[in-house]
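The chain below stands alone, shown as structure tokens; this is the form predicted alone.
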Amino acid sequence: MNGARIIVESLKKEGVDTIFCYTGGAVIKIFDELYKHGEGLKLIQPRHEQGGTHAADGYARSTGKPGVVIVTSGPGATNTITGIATAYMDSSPLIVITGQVSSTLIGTDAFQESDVTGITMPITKANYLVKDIDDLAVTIKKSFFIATTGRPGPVVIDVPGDIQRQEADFNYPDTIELMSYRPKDTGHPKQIKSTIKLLSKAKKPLVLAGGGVNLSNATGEMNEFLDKTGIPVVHTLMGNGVNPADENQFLGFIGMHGTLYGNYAIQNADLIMAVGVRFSDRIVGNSETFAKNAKIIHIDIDPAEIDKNILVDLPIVGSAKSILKEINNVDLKIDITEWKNELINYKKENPLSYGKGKLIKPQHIIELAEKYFPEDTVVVTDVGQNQIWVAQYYRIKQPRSFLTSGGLGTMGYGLPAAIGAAVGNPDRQVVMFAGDGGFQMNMQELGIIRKYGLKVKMIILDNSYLGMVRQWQELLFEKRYSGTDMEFNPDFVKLADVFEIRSVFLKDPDKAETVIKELAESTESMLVHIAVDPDENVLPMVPAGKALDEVLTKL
């Protein structure tokens, strides 16, 4: 087979059913082979390679299967960089296949040449420039293995044009073993025993659930642990989806914009079992004062995360799913009634809240969406105030149902990621929340919705500002709103009309419930453009570098 055909057949061997791809001169041979031999492969053509990469990411996060991207060389490849970095920061498995100029032209500054492996080295788990046709199939096998095992992440395969045209025998390995890459799945038995011992002695234990719980498909095991022990739980932005049966155990989102009661629990616990957590700055605040009264157990599949940001008392390297299964096998009896009552009372006294007024409050829209959309809805956000309001006010109750750019904070992620989720989950509702700024960064991807007949429900919370930055300018820069005024936003309803997508403009608070109910019940894609209060802020707020109990509840 020629190299292009080897790529197609290798993807089939890996069980790929969907490819997000944008053609060009350096991959024209691959697209020809897809045309001739791509049965069973659905091609989704974005309007921009960044949009296609975010869509593949949304597909991966919502399905658990790797997202596959094929783009041309030069600008086609460099346009994927933001999407690759987004996936890398949030541990999302992607296979990005880029075309490259012919091997003999590499290094000559040929037309549409770029050093793809050099550019992507810091933002991938691995990357490859294929120099020999005989290495192509095994390189693809390696890439899928690396992307989907251990801590997931993106892998780039750069394939020169001559390699695509050369021929070789197609021998695709059934398995692969890499001496330098052997991720550890099971935790050390002694450390698990030590965990049980610490939990049994704790008076104020707390579980901190991170993105690793979702990535390892461990929400079932996590909820079983919570239900058996009654231990309260908080989550990071990426850990959204944990759902204990007892509502009183759930203390929500923590960190810079976390709930008052969630941050209180962190700062007053005597033991924290952190599962699949990076301890990022947005969660920790001041590292010297974070959980100052607690011993910390850190369960993570990536040994590089242990003691990176927070020194811990007991590390366990392995997958969240495997380790939680082992812990659940033990009949753990603890009495933490006094601690639970303390947290229940604090939660009742310090609820999330927002003011009412003549203008629409974005928090109210999010509460209405949770009320009318089914529990298995895939909820996607863009980045900024909309993202945090959703994390605060929309209770996610099922795994792989909350998609957002956490680590990189990529504006423009929301729409294409929602499209990818809709492609991968045709039987589930998908609702996207975006601000007016972020939505415009990839709004061209509305064309995909129209072309492929996808069902995506879109809510644009339009405050005519880059709201999160405006909030910081209000707090720290005496309301000098420089570069944050989004004057001359387009009419998003007319924009949707251009793509023949049903749309509604909402400004009247009294009509909000009717419109959101209509959106949830619509059998087709629909966009709701909502004019929200431009002065509304995300609160509570812990200023950068402050302790989690140094909280602002008003600006």
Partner chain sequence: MKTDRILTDHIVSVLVHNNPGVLSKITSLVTRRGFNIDGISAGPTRQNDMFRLTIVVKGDDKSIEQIQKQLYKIIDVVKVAPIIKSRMVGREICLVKIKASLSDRHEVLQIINVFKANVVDVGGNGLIVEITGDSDKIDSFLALLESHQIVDVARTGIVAMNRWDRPYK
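Numbering follows the first chain given and starts at 1. All of these numbers come straight from a predicted model, not from anything done at the bench.
Keep in mind the form predicted together with the partner chain is missing from the figure; the text below concerns it.
Peer 1: Which is the contacting stretch out of 175 to 183, 344 to 352, 397 to 405, 469 to 477, given heavy atoms within 4.5 Å of the partner chain in the model of the complex?
Peer 2: Residues of 175 to 183 come within 4.5 Å of the partner.
Peer 1: Looking at the partner-bound form in the model of the complex, is Arg278 within 4.5 Å of the partner chain by any heavy atom?
Peer 2: Residue-level check for Arg278: no, no contact with the partner chain.
Peer 1: Would you please decide whether Asp307 lies within 4.5 angstroms of the partner chain in the model of the complex, comparing each non-hydrogen atom pair?
Peer 2: Looking in the model of the complex, residue contacts with the partner chain include Asp307, since a heavy atom lies within 4.5 Å.
Peer 1: Within 4.5 Å, heavy atoms only: does Pro303 come near the partner chain in the model of the complex?
Peer 2: Yes, Pro303 lies within 4.5 Å of the partner chain in the model of the complex.
Peer 1: Should Asn127 be classed as touching the partner chain in the model of the complex when contacts are defined as heavy atoms within 4.5 Å?
Peer 2: The answer is yes: Asn127 has a heavy atom within 4.5 Å of the partner chain.
Peer 1: So the partner chain isn't shown here. In the model of the complex, which residue out of Gly483, Pro75, Pro122, Pro374 has a non-hydrogen atom within 4.5 Å of it?
Peer 2: Filtering the options by heavy-atom distance leaves Pro122.
Peer 1: Heavy atom within 4.5 Å of the partner chain in the model of the complex: which of Ile448, Met256, Ala294, Ile146 fits that? Just give me the one.
Peer 2: Going through each option in turn, the one that passes is Ile146.
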